[in-house]
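The data below hold one chain only, encoded as structure tokens and taken in the form predicted on its own.
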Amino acid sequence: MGDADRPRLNRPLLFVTVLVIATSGLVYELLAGTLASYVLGDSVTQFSTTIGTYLFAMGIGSFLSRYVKNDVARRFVEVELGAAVLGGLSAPLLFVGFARAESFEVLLYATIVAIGTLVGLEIPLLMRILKEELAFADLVAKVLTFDYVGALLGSVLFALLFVPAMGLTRTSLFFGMLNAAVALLATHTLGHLIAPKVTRALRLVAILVIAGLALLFIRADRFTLWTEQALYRDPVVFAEQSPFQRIVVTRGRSTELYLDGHLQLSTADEHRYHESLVHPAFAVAPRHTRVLVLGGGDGFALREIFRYPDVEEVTLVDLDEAVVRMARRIFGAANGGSLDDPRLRIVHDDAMVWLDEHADAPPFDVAVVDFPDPGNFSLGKLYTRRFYALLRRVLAPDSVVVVQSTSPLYARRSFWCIEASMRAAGFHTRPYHANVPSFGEWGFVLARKLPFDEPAELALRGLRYLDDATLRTLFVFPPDMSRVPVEINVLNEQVLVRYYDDEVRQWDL
């Protein structure tokens, strides 16, 4: 058959195929990195090792493409179907593996290598199919252009659309279906290059893959609940993937809140934590008129704050609207309906950005800082000298600030790093700790712009945990929790995240 008689390829559709391949490949990479950081922590380490392994695996795939000598179009469709199945099932498979497998890391990196190898095969095979249609310079330019555009689409849409709207499991399944749809389309655009019997078989497989992944997509909530349930002792009663974190609530003898798999509170003993967080600061502060709460979207710290009749205005700055929405629904009785108090103003913003933009606001009398532990750099920045300097600007001269500061027993360097970073920002500090059975010994730092003494008496009576005698004991540190040498946590060198990661690995908190 001469060139004039040879069927022409539908080049626009094939370039759309390149776009989809690049988008889905990038999404699979991001899925693996995100899921690894969720379940293993230390997002920088997980993303760097995941991306490096994935790119290496793509290189393996590109190298292996040289050994595909015949039936290139058929092999391309088969690779697409393989990527559809393995990539589509990657998030569900890894969630199950984390819940039930003994060596999750082996499963994680085996999955990354397998998907990366398949993705690395796709573009070289497609370029060989197109080489008869285009001059080499045009072929490379157009294919790589669509490849890079697809990567951009994947990275942007993953964070802004797919994960917030569908969650990790459904995003994985959706792109698996997309890969299978590309394979099905390829059986039409490349059908003349594949034997008819083989084409029909590939079409049937593609349709079955799409149907299977679609069924899992529809039932993803049940699957995710089943998978997550294996991670928790008590039944899961609420689960939601927000744009920022995975929110899970379990209920047994107590109700417990988990963010990205880490326990945040238990109704069995949260009163110990929240009374210790709020009331020592209020015992020192001369006024409680205007209060700032950073974090604390569950409403429990607010419950303690609103016990004081002289509180007139509270500003809550919490990044994740989904946490506040969940707390109203799940913890409304336990937190005393504090999130609906008319004295409360809720702002959903990054606390560091908000502080930077509100330096000229009327000063606050008390600030309560209740962030999750500094397990990654996004959270670690909220424990830096720069953050505390910004916080200092919005406080009245005689105001008081309190910061939850991890455990001085299990994360000793982390605790004293937070305290030292606050002192480096110009605060006078009084560190203290309390025993919260769900967490063990937990630490806080009380601070003011001016020198001050530890509080000896509470400003409020009738608390469940604290009284005057107990209050005074909080500021006594035994030798195994006493001060240790640490570096200051600064924005461009977040040693706190390294301290915390090392200590969490040691104690498996």
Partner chain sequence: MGSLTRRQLLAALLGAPLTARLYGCRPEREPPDSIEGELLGPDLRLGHRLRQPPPLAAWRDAPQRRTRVAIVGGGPAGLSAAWRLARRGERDFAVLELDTKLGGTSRDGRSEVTPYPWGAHYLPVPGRHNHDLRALLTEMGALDERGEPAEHVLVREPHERLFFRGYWYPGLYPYAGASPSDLAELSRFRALTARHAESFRLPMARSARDRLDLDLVDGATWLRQNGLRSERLHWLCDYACRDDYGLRLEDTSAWALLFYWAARLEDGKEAPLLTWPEGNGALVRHLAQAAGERALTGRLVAHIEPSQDEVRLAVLNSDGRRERWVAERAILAVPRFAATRLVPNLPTEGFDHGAWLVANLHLRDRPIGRGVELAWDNVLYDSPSLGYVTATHQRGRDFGPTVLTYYLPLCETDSRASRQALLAAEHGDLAEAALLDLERAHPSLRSVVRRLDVWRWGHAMTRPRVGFLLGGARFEAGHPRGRLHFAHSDLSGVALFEEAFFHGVRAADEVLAA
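Numbering follows the first chain given and starts at 1. From a predicted model like this one, the values you see are computed outputs, not experimental measurements.
Below, we turn to the form predicted together with its partner chain, even though it does not appear here.
- Message: So, K381 and its partner chain: in the model of the complex, are they within 4.5 Å at any heavy atom pair?
- Response: Output for K381 is yes: heavy atoms within 4.5 Å of its partner chain.
- Item | 4.5 Å heavy atom contact, D356 and its partner chain in the model of the complex | It does: once its partner chain is placed as it appears in the model of the complex, D356 has a heavy atom within 4.5 Å of it.
- Query: V16 near its partner chain in the model of the complex, any heavy atom under 4.5 Å?
  - Reply: No.
- Taking the shortest heavy atom distance, is T23 within 4.5 Å of its partner chain in the model of the complex? Because no heavy atom of T23 falls inside 4.5 Å of its partner chain in the model of the complex, the answer is no.
- Message: Under a 4.5 angstroms heavy atom criterion, identify the one residue in E133, E105, D310, D349 near its partner chain in the model of the complex.
- Response: Exactly one residue meets the criterion: D349.
- Query: Among P243, P363, P372, G336, which has any heavy atom within 4.5 Å of its partner chain in the model of the complex?
  - Reply: Contact check passes for P243.
- Task: Go through 170 to 178, 411 to 419, 243 to 251, 78 to 86 and give me the stretch that gets within 4.5 Å of its partner chain in the model of the complex, heavy atoms only.
- Result: After filtering at 4.5 Å, what remains is 243 to 251.
- Heavy atom contacts to its partner chain in the model of the complex at 4.5 Å, residues of 365 to 389 in sequence order: Read in sequence order, the residues that approach its partner chain (within 4.5 Å, in the model of the complex) are N376, F377, S378, K381, T384, R385, R386.
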